[in-house]
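As structure tokens, one chain now follows by itself in the form predicted alone.
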Amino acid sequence: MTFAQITDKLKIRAVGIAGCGGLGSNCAVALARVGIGTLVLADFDMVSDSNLNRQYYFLSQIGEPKVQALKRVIHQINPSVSVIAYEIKLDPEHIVRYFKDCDVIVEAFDQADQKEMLIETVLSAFPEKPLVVGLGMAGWGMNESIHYRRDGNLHICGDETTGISEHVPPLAPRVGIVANMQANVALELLLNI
């Protein structure tokens, strides 16, 4: 399949991204670069200087809402991508409302309870819709531990064990690997629809 054929298929597809931090911002940029038609972004947070070690933002964007900053970044990369940005903390009702028309949903939350809430909501409300989650990407090295696993319509990227802590922080290399793995899984799913 040529790049033109790929972008032709993708321009009619939509991906929802829940969380615009390290996973979400990097995954969104990867999907924008390959020509996704629509990205639905949801996050309540603002860009801070502590985000710049792993998130796709710039010094000039500190203090801006992440969804708006990411929307501008995406439009600088690929202005043909339609970006729908919701500056909100997602709950089950919002997940169903905002992501109902997406072909694939990407989970990109930091907190375990938020990840669990999103997974339960999507699997319950949209059992036929693929959900791509990031699980275990903190620290550095341990390349052989990062993998992909599928369980029905749940697609898991990461090492599935390494949690974030003060001594095992999320850093750009591993976060970027998992975010790009999520984008690659979404791309594979979208091209096979």
Partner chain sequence: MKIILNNTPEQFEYKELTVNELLKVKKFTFKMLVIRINGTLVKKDMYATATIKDGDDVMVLHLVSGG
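Since the model is a prediction, treat every value here as computed from it, not as a measurement. Numbering follows the first chain given and starts at 1.
What comes next is about the form predicted together with its partner chain, which does not appear here.
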Verify the flagged residues 22, 110 and 151 against its partner chain in the predicted bound form: is each one within 4.5 Å by a non-hydrogen atom? yes
Can any non-hydrogen atom of residue 164 be found within 4.5 angstroms of its partner chain in the predicted bound form? yes
4.5 angstroms heavy atom contact with its partner chain in the predicted bound form for residue 32: no
Any of the heavy atoms of residue 135 lying within 4.5 Å of its partner chain in the predicted bound form? yes
Check residue 160 for me: does it contact its partner chain in the predicted bound form (non-hydrogen atoms, 4.5 angstroms)? yes
Please identify the residue among 102, 119, 85, 90 with any heavy atom within 4.5 Å of its partner chain in the predicted bound form. 119
Heavy atom within 4.5 Å of its partner chain in the predicted bound form - the one residue of 50, 143, 60, 124 that qualifies: 124
